[in-house]
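Only one chain is given next, in structure tokens, and it is the form predicted on its own.
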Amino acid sequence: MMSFYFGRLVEIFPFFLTGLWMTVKIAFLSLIICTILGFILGMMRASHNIFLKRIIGFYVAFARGTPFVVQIFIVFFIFPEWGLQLDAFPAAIVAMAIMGSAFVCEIVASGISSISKGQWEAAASSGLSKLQQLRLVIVPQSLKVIVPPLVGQYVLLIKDTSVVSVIGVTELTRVGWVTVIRIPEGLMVFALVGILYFMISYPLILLSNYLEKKMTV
């Protein structure tokens, strides 16, 4: 019986590759968006503007303090009531970007805050504007603090793509659930799902470990 199930799994393996490709697309697009948005928010959160810090702090607290599945439901089911209708795929990207940018924001803000006050003063004495100070002096120095945990966060975000299956996106986890209906051997099916997730996550894990050692030195 196991050999029969295995044969069936081999037959529908292209279906898993389709789900893997959807997972990669969601992860790639959302990581780009959340990185850009997270860096902008992180620099604003590290500023001395109390109003901005509190607003961004509330955003970060909400995104980090609520389950991701709740955020997906808000984007997919509540946003349309406010006039913003999104299909499942863009809704998944938006939800991933909202959550991911909050974590990236905290990483970036912590990295910027680790730079000594003297560096800010030196940059200011050179006649640079606040934005130039950040872009040319502070952020480049803070990258050794930011990059290792940032890459590690990317791994977590890739795994979180599994949650978007709840709104009907046919990514890797949903492919697994659909396959279990045809092949009632859950261990075999989800072992394959786990292996495919591992294949796209492990290179980033290695990169995170390498960057952590390299930048520490």
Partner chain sequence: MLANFNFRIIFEYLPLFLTGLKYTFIIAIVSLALALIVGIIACACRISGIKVLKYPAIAYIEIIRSTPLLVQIYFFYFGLPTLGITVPEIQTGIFALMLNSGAYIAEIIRAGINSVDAGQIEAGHASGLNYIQRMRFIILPQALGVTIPPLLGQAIVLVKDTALLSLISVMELTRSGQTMTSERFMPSEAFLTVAFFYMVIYFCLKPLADWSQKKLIFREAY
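In this text, all values refer to a predicted model and were calculated from it rather than measured experimentally. Residue numbers count along the first chain shown, from 1.
The form predicted together with its partner chain is left out here; the points below concern that form.
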item: 4.5 Å heavy atom contact, Phe62 to its partner chain in the predicted bound form; value: yes
item: Interface membership of Val193, its partner chain in the predicted bound form, 4.5 Å heavy atom rule; value: yes
item: 4.5 Å heavy atom contact, Glu81 and its partner chain in the predicted bound form; value: yes
item: Val69, heavy atom within 4.5 angstroms of its partner chain in the predicted bound form; value: yes
item: Position in contact with its partner chain when the complex is considered in the predicted bound form, options Leu52, Val151, Ile36, Val180, heavy atoms within 4.5 Å; value: Val180
item: Residues Phe28, Ile40 and Ser129 all lining its partner chain in the predicted bound form, heavy atom within 4.5 Å; value: no
item: Heavy atom within 4.5 Å of its partner chain in the predicted bound form - qualifying residues of 177-206; value: Trp177, Val180, Pro184, Glu185, Gly186, Leu187, Phe190, Ala191, Val193, Gly194, Tyr197, Phe198, Ser201, Tyr202, Ile205
